[in-house]
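Here you get one chain, nothing else, as structure tokens; it is the form predicted on its own.
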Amino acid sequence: MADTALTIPRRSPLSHAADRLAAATRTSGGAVRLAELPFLAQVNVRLDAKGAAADAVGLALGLQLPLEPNTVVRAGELTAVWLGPDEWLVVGPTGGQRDLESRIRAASGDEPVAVTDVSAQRTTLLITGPRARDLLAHGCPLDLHPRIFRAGCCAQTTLARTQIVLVARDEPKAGFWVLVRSSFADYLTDWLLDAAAEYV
């Protein structure tokens, strides 16, 4: 029997906003750059930070899980984001979530660990440019001065009353990741575009 199932192309939460984000980037004259980074692998990990599994998982991933609150560790294509004393978000390249899950589970052995693929839960906005901090400061309650919220920092916070995970990227001029729940992505994008109009 022939397979009659429809193949539906995968669409990111902000695929329809790509042109508007690109237009805001152009009209700002480089002051801010806005883009969606769709479909990043995102795996939530819960384990005892002082147990053997933490070191084993770090070795399996090629990066140590950050132990200092509100910090990020990056190695190659993977980024580990501290969410709590026993919780991290491991972010990797598109389509890598199953590999990440299996590596973490295998490394943890018999140690208690919770590994959950949350890739579909959030999308990621990239905000860069010399005015990126100013743009975020319009709606974020954190002190975003580079001496305080420096490269390699992260926080669970709000932006325009929307819960986000904010990551200050550590590559030169890499700006910020804003990880936002897919159901709030449209609202937050509209807010960012409106706030970015100041730089036109």
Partner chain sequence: MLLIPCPWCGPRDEAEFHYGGQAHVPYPEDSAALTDEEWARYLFFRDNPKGPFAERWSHAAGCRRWFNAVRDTATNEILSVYRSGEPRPDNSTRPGLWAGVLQGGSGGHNPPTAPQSSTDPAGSGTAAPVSGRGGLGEETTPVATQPFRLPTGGRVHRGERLRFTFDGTEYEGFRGDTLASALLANGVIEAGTSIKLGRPRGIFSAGVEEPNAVIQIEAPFPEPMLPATTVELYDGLVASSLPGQGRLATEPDPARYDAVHAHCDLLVVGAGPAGLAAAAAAARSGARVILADDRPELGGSLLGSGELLDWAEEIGALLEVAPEVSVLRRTTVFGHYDDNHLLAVERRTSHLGAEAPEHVSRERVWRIRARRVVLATGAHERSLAFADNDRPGVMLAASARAYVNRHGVLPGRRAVVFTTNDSAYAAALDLAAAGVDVAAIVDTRPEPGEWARRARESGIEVLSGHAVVGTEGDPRLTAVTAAPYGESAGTREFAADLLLVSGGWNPVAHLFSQAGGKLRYDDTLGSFVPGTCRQAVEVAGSANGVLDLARVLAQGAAAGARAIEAEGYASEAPRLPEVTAEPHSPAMRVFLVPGPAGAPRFVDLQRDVTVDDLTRATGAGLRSVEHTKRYTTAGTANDQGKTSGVLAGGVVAELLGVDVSALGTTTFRPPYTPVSFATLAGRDRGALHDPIRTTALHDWHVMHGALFENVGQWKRPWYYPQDGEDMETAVLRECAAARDGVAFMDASTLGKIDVQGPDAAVFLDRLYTNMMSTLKVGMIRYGVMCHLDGMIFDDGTVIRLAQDRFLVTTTTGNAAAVLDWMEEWLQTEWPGLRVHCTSVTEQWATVALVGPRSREVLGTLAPALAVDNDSFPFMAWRDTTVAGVEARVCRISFSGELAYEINVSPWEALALWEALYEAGAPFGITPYGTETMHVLRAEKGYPIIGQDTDGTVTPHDLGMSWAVSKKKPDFIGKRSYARADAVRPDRKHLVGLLPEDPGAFLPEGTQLVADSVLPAPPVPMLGHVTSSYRSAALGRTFALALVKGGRDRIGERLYAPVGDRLVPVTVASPVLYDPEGARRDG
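Positions refer to the first chain, counted from 1. Given the structure is predicted, the values throughout are model-derived calculations rather than measurements.
Beyond the structure shown, there is the form predicted in complex with its partner chain, which is absent from this document and is the topic of what follows.
Contact annotation: Gln163 falls within 4.5 Å of its partner chain in the model of the complex, judged by heavy atom distances. Contact check for Leu126: every heavy atom lies farther than 4.5 Å from its partner chain in the model of the complex. At a distance threshold of 4.5 angstroms between non-hydrogen atoms, Gly51 is out of contact with its partner chain in the model of the complex. Using a 4.5 angstroms threshold between heavy atoms, Ala137 counts as touching its partner chain in the model of the complex. Candidate site formed by Arg46, Val118 and Ala197: every one of these residues places a non-hydrogen atom within 4.5 angstroms of its partner chain in the model of the complex. Exactly one listed residue, out of Ala174, Ala151, Leu142, Leu59, brings a non-hydrogen atom to within 4.5 Å of its partner chain in the model of the complex: Leu142. Along 174 to 192, a non-hydrogen atom within 4.5 Å of its partner chain in the model of the complex is carried by Arg181, Ser182, Ser183, Phe184, Asp186, Tyr187, Asp190, Trp191, in order along the sequence.
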